[in-house]
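Heads up, the chain below is alone and in the form predicted on its own; it's given as C-alpha cells.
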Amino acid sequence: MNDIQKAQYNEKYKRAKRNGEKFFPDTLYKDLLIAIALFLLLVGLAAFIGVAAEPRADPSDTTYIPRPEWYFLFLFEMLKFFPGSIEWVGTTIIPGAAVIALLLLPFYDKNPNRHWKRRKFALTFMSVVVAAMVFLTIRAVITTPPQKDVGAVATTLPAKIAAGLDFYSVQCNECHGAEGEGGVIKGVKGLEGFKMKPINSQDEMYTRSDDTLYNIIEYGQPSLGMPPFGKAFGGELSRSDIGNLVTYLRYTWDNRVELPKEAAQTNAIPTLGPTDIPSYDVNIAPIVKRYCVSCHRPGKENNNYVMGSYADVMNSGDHKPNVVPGDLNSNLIRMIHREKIDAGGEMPPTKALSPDLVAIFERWVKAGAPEKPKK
C-alpha cells in the first residue's frame, strides 16, 4: 500500500468514524447474518455428526464422573483449588467478578488508542487470562479420570425394547414368567408356592402409567415380596435400565400401543423353515435368554448349570454334558420334556415350553448342536 492509498484509507476511516454506524439496519443486519450462519452450523453438526448418547442422569450412580463441555472445563478445574467450604469462591466470587469487570469495561478503560501495540496493559492482562484458561482446560483433561465405559446406550425404540427384554429375562422372568403370565412360583427363596398374578393383562397395563411401572420397578413392592431394583434403593438397575424395561413391558403387553414395523422383530424368536438347520446363535440363544437365564445364572440354585453362553449350555454344571450332539436323551432335552432327572427337574419350572420351541431344540440337537449357522 503506497502513501496515496494510505491517505485515502485514513480519510475514509475518519469520515466513517465521524458519521458513525446506525444500529438499525447496519449493525443489526451484520449480527443477523452471523446468527443465521451459526444456527445453520449447529443444525448441520447436530444432523450429520450428532451428539454422543449417554445414560439418563442417575444421582444414585456414584461411578459417574461429572464434567462440563470443553469450553467450561477451566471453571470445572478451578473448583479443585477451592474445595469444601470455600467452593463458593470458585463458583460465584471469581466468575462473578470477571463478568462485572467486563460489564464495567467502558467506564474504566478510557484509553483512546485502539492499536494493540498501544494497549500494553489490556493486552498483557487478557493474555494472562487466556493463558490461565488454556492451562486449566489442559489440566482438567489430563487430571480428570476417564469415565467408566457404560457400553452402548439404547436410543432407538427397537434397541430399548431389546435392552428391556434382556433385563426382564434376568430380573423378572423367574417370578412373572417369560410371557408375563405369572403362576405358582418355584425355586425362589421366600416366594416358593406363591401364586403370582399375570402382568400381561389389561388389568395391569391399562391401569398403570409408565411412571407407575417405573416406580414399582425402582422401589419394589416389599410387602408383596418384590425387592427394589433401582440402584438408589440397593438394586442393580440404573434409571436408563428401568426406562428400557418399562418400554419393553408397554410395547409387549399393552395392546393399545402399536408396535412400529422396525421394532416388530425385536422380541420375535426366529422361525425355521422345513429344511433350515438351527444354530445356537440364531435360534437357541433367543429362547435361552427369554426362558432360561433368569434361573440359570450365577448365584441361583441350579446345580451350577448356567446358560450364559454356548459353552455353558453344553457343558456347565454338576451333571455335564448337558447336550450331546445328535442325542435326544441329553439332559437338556429330557428336562424341557418335563422329566425329573438327577440333573434337574422340569424346565422351565412354572410353565412348559410350547411344542414349537421344544421342536427347535430337538432339531438343533439332531443337527449336531452347531454354535453358528452353517453357510
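Because the structure is a prediction, the values reported are computed rather than measured. Residue indices: 1-based, along the sequence shown.
Keep in mind that the form predicted in complex with heme C (HEC) is missing from the display, and what follows is about it.
With the partner omitted here, the residue from 127, 209, 144, 221 that has a non-hydrogen atom within 4.5 angstroms of heme C (HEC) in the predicted bound form is 221. Among the residues 162, 133, 269, 196, the one placing a heavy atom within 4.5 Å of heme C (HEC) in the predicted bound form is 196. Proximity to heme C (HEC) in the predicted bound form, taken as heavy atoms within 4.5 Å, picks out 245-253 from the listed stretches 80-88, 117-125, 270-278, 245-253. Although the partner is absent from the chain shown here, 213, 226 and 305 each have a heavy atom within 4.5 Å of heme C (HEC) in the predicted bound form. In the predicted bound form, no heavy atom of residue 55 sits within 4.5 Å of heme C (HEC). The closest non-hydrogen atom of residue 166 lies beyond 4.5 Å of heme C (HEC) in the predicted bound form. Taking non-hydrogen atoms only, residue 186 approaches heme C (HEC) to within 4.5 angstroms in the predicted bound form. At the 4.5 Å threshold, heavy atoms of residue 179 stay clear of heme C (HEC) in the predicted bound form, well away from it. Along 338-354, these residues reach a heavy atom to within 4.5 Å of heme C (HEC) in the predicted bound form: 343, 344, 345, 347, 348, 349, 353.
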